[in-house]
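Read the single chain below, which is given as structure tokens and is the form predicted alone.
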Amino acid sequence: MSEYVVKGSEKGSVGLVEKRYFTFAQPPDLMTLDCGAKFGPITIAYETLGTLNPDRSNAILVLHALSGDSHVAGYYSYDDPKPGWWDIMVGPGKAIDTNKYFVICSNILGGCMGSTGPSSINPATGRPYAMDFPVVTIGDMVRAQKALIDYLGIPKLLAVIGGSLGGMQVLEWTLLYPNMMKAAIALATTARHSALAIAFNEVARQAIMADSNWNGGNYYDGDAKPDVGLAVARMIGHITYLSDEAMRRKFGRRLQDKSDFSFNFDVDFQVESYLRYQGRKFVERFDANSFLYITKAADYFDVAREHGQGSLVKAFSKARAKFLVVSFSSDWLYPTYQSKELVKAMKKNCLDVSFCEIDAEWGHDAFLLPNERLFSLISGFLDHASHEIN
């Protein structure tokens, strides 16, 4: 997930929002993780937008991608320089209309934006978990979100929505808790990582772990952090979020503030400057160990293996939601054929499935950018699901 956030106009903004926290799995009632570890306490950071209706039937859970957080829309203060990561989609009169829906967005387990993760304090030692943090899965993240939804007193969600890693969580929700939602919208996602996606994640992880400041994950008490490794990891990720066409149109071979090559290893091209800038920005807000854990969770995600004994069709026999699956023509990280595999498995189970490949030139991150086609698809799908409930 890139830094593609567009500052919303005053019209359509939810205005000021507040981050909140929910803690559960207090000892001795620890949460059992997929890796077998019993873990807790667990804190989940979350934000809510809109108003829950009297019969609690208008709640939508928005699930963020790898580097996102609970701040999906609106501003924390009047001088906040930018809104939440999906402000273009969530707000009054927008596709996910907060005049109609009660929107919940939480930071995932393993993250570093308020939810319990490797940088959190281990109550047993009084020090950050670092690499003592257990390996978590997409399923663990969803179980933690379910605890939050129960805490909020919502018996059934109108919809779960997410793109990329958020889309994986959408699929997991529909299989772990098939009766907990009316509808599910999975954007630019996959049932499991390809070797290509795993390879990019592994190179990114190795960049972090090769940084001498990583120190086996124990860098929280020192002055130096593995910023170089994390920045390189982010640069690798950014390349996968874009497309050949997007790179060509955005940068081409244009030089950065010069008229000829430098004949050294300084920045020559605009694309080099852009990637270095994105890397520097990322280390200011993200934790390197969280990057390791979240990318590993994405690599482990395998719907067929976890829910269908190797069969994607068998896995979706559990699902009950009506689905909207959307892919983007230039997404080479999770190409359209992977979405079609999902749709095929859903249809073989006679599920209510709508599918659309949107012609978009901006690559994997297209779901984060303004797109009238995507807006109308999501808005119409939610309206229909809402009318069916009511």
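From 1 onward, residues are counted along the sequence shown. Worth saying up front: this structure is predicted, and the values here are computed from it rather than measured.
FYI, the form predicted together with a further copy of the same chain isn't displayed, but the following is about it.
- Site residues Thr23, Asp97 and Arg143 are none of them in contact with a further copy of the same chain in the predicted bound form, judged by any heavy atom within 4.5 Å.
- Listed residues Asp260, Asp79, Asp223, Glu284 were compared with a further copy of the same chain in the predicted bound form; Asp260 is the one with a heavy atom within 4.5 Å.
- Look at 107-115, 313-321, 202-210, 179-187: in the predicted bound form, residues with non-hydrogen atoms within 4.5 angstroms of a further copy of the same chain sit in 202-210.
- Within this chain, Phe301 lines the site of a further copy of the same chain in the predicted bound form, having a heavy atom no more than 4.5 Å away.
- Heavy atoms of Trp332 reach within 4.5 Å of a further copy of the same chain in the predicted bound form, making it an interface residue.
- a further copy of the same chain in the predicted bound form comes within 4.5 Å of a heavy atom belonging to Val232.
- In the predicted bound form, a further copy of the same chain lies farther than 4.5 Å from every heavy atom of Leu175.
- Contacts to a further copy of the same chain in the predicted bound form (heavy atom within 4.5 Å) from stretch 253-279: Arg253, Leu255, Ser259, Asp260, Phe261, Ser262, Phe263, Asn264, Phe265, Asp266, Asp268, Phe269, Val271, Glu272, Leu275, Arg276.
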